[in-house]
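Next comes just one chain, in structure tokens: the form predicted on its own.
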């Protein structure tokens, strides 16, 4: 079961990994720097000597960064691959960005400017834009997808957590980009079906 979402754990784990590696590097580099500042202090009359042609050092400072960057990339790739590989039974919703608002289109033809989703149900978003580049971003669930003109970008999503959260645009798109917000409401399946039927009846 997805207490928050199918994607949030992978993002949190990737972020924790990157922060941990960055912290280790920061501490290690700082300690090394302070050590050499002390060792080669002018008052101690120490003279630094260049190290040339040390194959071991060259291999170490080449291989270790490759391994660290590769690990970061792998964590990110696993999360991204999950995000863009929807399950077969997902409900499809079109997400359309336009300066400076969001539109949502459901499979039965309902259109809305606020996103309603059923809890515990897989959702497939088809993200695009009508004018310039936008980015469909729900901070609470840790995912975003670029909304590009004349292109459909696919991602899927599922959560058991019910509530209301912000949807933002994470790509600068012009004068009122700062105010390109709407809401996502995650509700029980019966409540979602009732809302969808009411919206469908209102469009007839």
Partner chain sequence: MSSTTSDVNVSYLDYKGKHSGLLGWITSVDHKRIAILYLVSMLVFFSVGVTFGFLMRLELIAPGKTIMEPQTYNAIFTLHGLIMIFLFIIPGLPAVFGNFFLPIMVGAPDVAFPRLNLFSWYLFIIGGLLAIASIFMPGGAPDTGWTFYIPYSIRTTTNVIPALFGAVLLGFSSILTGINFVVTVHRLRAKGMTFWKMPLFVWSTYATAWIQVLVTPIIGITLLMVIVERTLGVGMFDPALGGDPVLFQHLFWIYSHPAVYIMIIPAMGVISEVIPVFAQRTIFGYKFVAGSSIAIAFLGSLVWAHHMFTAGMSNTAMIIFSALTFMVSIPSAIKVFNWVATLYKGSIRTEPPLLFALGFIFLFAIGGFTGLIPGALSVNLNIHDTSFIVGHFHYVMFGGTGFGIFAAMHYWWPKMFGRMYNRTAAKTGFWVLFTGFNLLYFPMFIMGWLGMPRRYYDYLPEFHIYHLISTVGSWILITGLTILFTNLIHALRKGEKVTERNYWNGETLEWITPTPPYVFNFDKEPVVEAGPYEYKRNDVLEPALEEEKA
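Numbering follows the first chain given and starts at 1. Rigid core (definition): largest C-alpha set, two forms, superposition within 1.5 Å. Note that this is a predicted model, so its numbers are computed, not measured.
The discussion below concerns the form predicted together with its partner chain, not included here.
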item: Of 123, 110, 95, 83, the one that lies within 4.5 Å of its partner chain in the model of the complex (heavy atoms); value: 83
item: Close approach of residue 187 to its partner chain in the model of the complex, 4.5 Å, heavy atom; value: no
item: Residue 149, heavy atom within 4.5 angstroms of its partner chain in the model of the complex; value: yes
item: Heavy atom of residue 181 within 4.5 Å of its partner chain in the model of the complex; value: yes
item: Its partner chain contact at residue 164 in the model of the complex, heavy atom, 4.5 Å; value: no
item: Residues within stretch 161-197 having a non-hydrogen atom within 4.5 Å of its partner chain in the model of the complex; value: 166, 168, 169, 170, 171, 172, 173, 174, 175, 177, 178, 181
item: Core fit, then residue 30 C-alpha moves 2 Å or more between the shown form and the other one; value: no
item: Cα displacement of residue 61 between the shown form and the other one reaching 2 Å, rigid core superposed; value: yes
